[in-house]
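Before any questions on how it binds or moves, here is one chain, the form predicted on its own, in structure tokens.
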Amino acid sequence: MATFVDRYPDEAAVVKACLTVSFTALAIGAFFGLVQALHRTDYFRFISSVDYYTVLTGHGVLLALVFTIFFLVGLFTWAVVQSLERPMPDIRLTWAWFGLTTTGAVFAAVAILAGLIPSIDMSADVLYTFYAPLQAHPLFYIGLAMFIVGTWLAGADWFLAYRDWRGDNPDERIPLQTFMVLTTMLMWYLSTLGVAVSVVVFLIPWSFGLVETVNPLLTRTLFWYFGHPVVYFWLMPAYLMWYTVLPKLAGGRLFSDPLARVVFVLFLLLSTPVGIHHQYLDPGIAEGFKFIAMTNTMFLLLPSLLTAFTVVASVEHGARQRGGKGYIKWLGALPWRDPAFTGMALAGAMFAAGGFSGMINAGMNINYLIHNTLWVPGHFHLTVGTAVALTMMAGSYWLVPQLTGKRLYSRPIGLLQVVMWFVGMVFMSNAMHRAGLVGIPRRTAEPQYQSFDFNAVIGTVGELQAQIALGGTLLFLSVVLFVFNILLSAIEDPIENPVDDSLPAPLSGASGSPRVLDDLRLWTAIAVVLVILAYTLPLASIVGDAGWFGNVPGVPVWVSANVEALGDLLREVVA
């Protein structure tokens, strides 16, 4: 039986190109993560604490945006093609959005990395959350704008493929993987409007000096309007693989197609009108709006719990097909020697822990305890750093052979790699959460205060630092093993049927669910109404208080301004 690359060679080439960019960003970003872990804990320092923030920005942008989203666009292209069983409508459009997105990512990366070279008057040390008043070089914002437009074109490409398929199949239900891709993209279109307006209308003109001031709270709010849904944009590729690939690897079938559709519809409706829960401590937003955002956020637990039930039921079905018995013993019948299965299963288990810590973040009163502490990166290293990243790496062990027609170089190395990532993240995220509880701040190269000591409730601060350094080192070594395994797989000789890439039909198919689930226009309209209800009054209040362009001149991080001038700007911002 022919694999994906034999059936769709042009599309396989695009997906491989996307994964190449994704894995390159992963390698660089992971190295930056190691540098941060060792520098911050004072185990090994070879950069200045000023350059730490360049490394921190590079780590966040390359991993949270470039690695994840390039993997997503590659995976979604594969999913649309294989589930609709037809090539993309026009491969030139597919290559066009790949080229635009890649160019944008390169522009943003150049602006960031230039900060490490003093002779170049360019920097973008504005961290992953790139809102004002920190001001990056214009190239950074231009790159971001191109990157976002590239993802929009990718979505248009997938919708065109769906339109053609629908013309030939007017009465069929949308294939599940395509349904997941389309609902995710609708959520992405809706949520990126905020950051697009922020970058194009405010940040780019401001960075060029076309406007002198900016409204920091407005750009923060527009960022977080996008900043929480982007979490689900990262997660949806993982969900797609948990729902449609993991049951097959376990030896079974998806438990319920309708439940999967309900989950993706709920994410489309609920993921966008919640971003204000990232701004509990921001002045200028009324407490009532924050309370509404908290309530909306708690509703997001429902699709996560539905996913936990459906995926575990599917995996258990697979285990019982392999001879598993009893209430717990069936776990032993699962294919734990398969790195693709083990990595995805461990990622799902870690996501459950991340969900619990996320409830603390979302709780309006408890959030005050851990706001801007190490708890926060501890949380998102469980979610995007493991649930997403580990699923993507593990899924690659199953996906890459069908894109190349070559076998995976080493399954034992793959198994070691996914287990090493899991162990490393247990050390690091555990220590980060505990450090956050005693108030140790995040986003600083020098977490010590003069004449002040942090006192850990259990253990010591030194032990927490040791765990972070050890965990960061294991995570970096895990990425080295992953890249090594993928690179050596690429030079293997082609073979026939390197992997079984067929996906079995669900136990409960789409035919048993109401057709209204496939009404994408209806769900999009409801999602838009919810966003209007959640954001109209807060944004009107913010603009009414300080105007569209505010009165803050900003803090440029890329000009060679002297310290005195920079101090003047900072004082104006504080005032």
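One-based numbering along the sequence shown. Just so it is clear, the model here is predicted, and its values are computed rather than measured.
Below: the form predicted together with protoporphyrin IX containing FE (HEM), not depicted.
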Complete contact of V195, V197 and H228 with protoporphyrin IX containing FE (HEM) in the model of the complex (any heavy atom, 4.5 Å): no
With heavy atoms only and a cut-off of 4.5 Å, decide whether W95 touches protoporphyrin IX containing FE (HEM) in the model of the complex. no
Give a yes/no on whether A510 approaches protoporphyrin IX containing FE (HEM) to within 4.5 Å in the model of the complex, heavy atoms considered. no
With the partner left out here, check for me: in the model of the complex, does some heavy atom of L127 sit within 4.5 Å of protoporphyrin IX containing FE (HEM)? yes
Even though protoporphyrin IX containing FE (HEM) is not shown here, does T68 get within 4.5 Å of it in the model of the complex, heavy atoms only? yes
With protoporphyrin IX containing FE (HEM) left out of view, which of G550, P506, G60, P538 would have a heavy atom within 4.5 Å of it in the model of the complex? G60
Using a 4.5 Å cut on heavy atoms, which of L34, I542, V531, L517 is close to protoporphyrin IX containing FE (HEM) in the model of the complex? L34
Pick from 383-391, 348-356, 301-309, 277-285: which stretch has a heavy atom within 4.5 Å of protoporphyrin IX containing FE (HEM) in the model of the complex? 383-391
If we check protoporphyrin IX containing FE (HEM) in the model of the complex, which of the residues in 451-490 reach within 4.5 angstroms of it by a non-hydrogen atom? G472, L475, F476
